[in-house]
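Shown here is one chain on its own, the form predicted on its own, set out as structure tokens.
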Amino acid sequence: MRFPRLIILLAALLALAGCSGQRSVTVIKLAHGLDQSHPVHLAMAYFGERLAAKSGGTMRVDLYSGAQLGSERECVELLQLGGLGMTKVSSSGLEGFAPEFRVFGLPYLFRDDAHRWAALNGPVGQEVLLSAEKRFLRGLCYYDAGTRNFYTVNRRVEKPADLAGLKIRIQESQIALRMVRALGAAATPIAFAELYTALQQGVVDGAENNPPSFHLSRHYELCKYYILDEHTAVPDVLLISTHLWNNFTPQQKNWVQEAADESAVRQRELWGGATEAALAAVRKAGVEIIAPDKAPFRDRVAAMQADVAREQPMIGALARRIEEVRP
């Protein structure tokens, strides 16, 4: 059960806080589930460097990678409790905390990268970014998580019909669940940290994620096919607990926000190279990279998108505003 585990994690974090409580430096604990070589981890390390520089050493970020302090959802819940300062989460993981984030899970929402970043950095993107504040979670910036693509253990996928009958791991996202079902597969929510074993044991037949995560998770050791269908471009979000944020002075808030914004720029610079390197590495390891015609995938999810817009007017309105954005 999650609750007892959260109590244990919270007790451990409080013990860590006690170790630094006698210091004059404000220490922010930032935990996430990624490998230390991941471009998002590197961006968060840069965030810590910039914050230390801006604050003259009076603020420090302690990074805990690889799910040391819990899963993605557990870290978010620890932020809500005030037991953890910051985390990185996929926007899909925030759908249960702020429904506005569901809009990013809609397949083929963005026309291209220019449209995506114009929307995320514009009024509609910033509105969504701050929509979880009422749940004690403040979004500081978006990180590039590229496009999400399917990968499978042993079935070649070139069209939606090829997904029929497959069990595909998804994040905890109702939109992702509906999308995968619309494409003909069975959607199975599993924590990312548990996915390698799930693929190994046949609990699922495949998953979907961006190229760097596919590579660094070593899922390519088990999955023979990577399908560049680019069904979604779900951003990552750098979060801070409002319990912590509201205790900062105006100057400290400015330092944190500026450092986050600068880390977002750095992360986007790192992302492109990481994506190319990941695809080259998995191809060298024997993975077949398939670039299918995306039109059949778009057509297959069109009815699902229309249903979501009708059933959830707020999501439909946000999607229309994003569609209207011009770079």
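Residue positions are given as counts along the sequence shown, with the first one as 1. Please read all numbers here as calculations on a predicted model, not as lab measurements.
Omitted here: the form predicted in complex with a small molecule. The next part is about that form.
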Legend entry - Contacting member of Ser241, Thr232, Gln171, Thr152, with respect to the small molecule in the predicted bound form [4.5 Å, heavy atom]: Gln171
Inset, instruction - Let me know the one among Val89, Ala132, Ile175, Val157 whose heavy atoms come within 4.5 Å of the small molecule in the predicted bound form, would you? - result: Val89
Inset, instruction - Would you mind picking out the stretch of 176-184, 250-258, 81-89, 113-121 that comes within 4.5 angstroms of the small molecule in the predicted bound form, counting non-hydrogen atoms? - result: 81-89
Legend entry - Exercise: Arg148 in contact with the small molecule in the predicted bound form, heavy atom 4.5 Å: yes
Legend entry - Glu72 within 4.5 Å of the small molecule in the predicted bound form, heavy atoms: yes
Inset, instruction - Please run the contact check for Leu42 against the small molecule in the predicted bound form: heavy atoms, 4.5 angstroms, yes or no? - result: no
Inset, instruction - Verify the contact flag for Asn210: yes if a non-hydrogen atom of it lies within 4.5 Å of a non-hydrogen atom of the small molecule in the predicted bound form, no if not. - result: yes
Inset, instruction - Look at the candidate spot formed by Leu34, Phe192 and Asp236 and say whether the small molecule comes within 4.5 Å of a heavy atom in all three of them in the predicted bound form. - result: yes
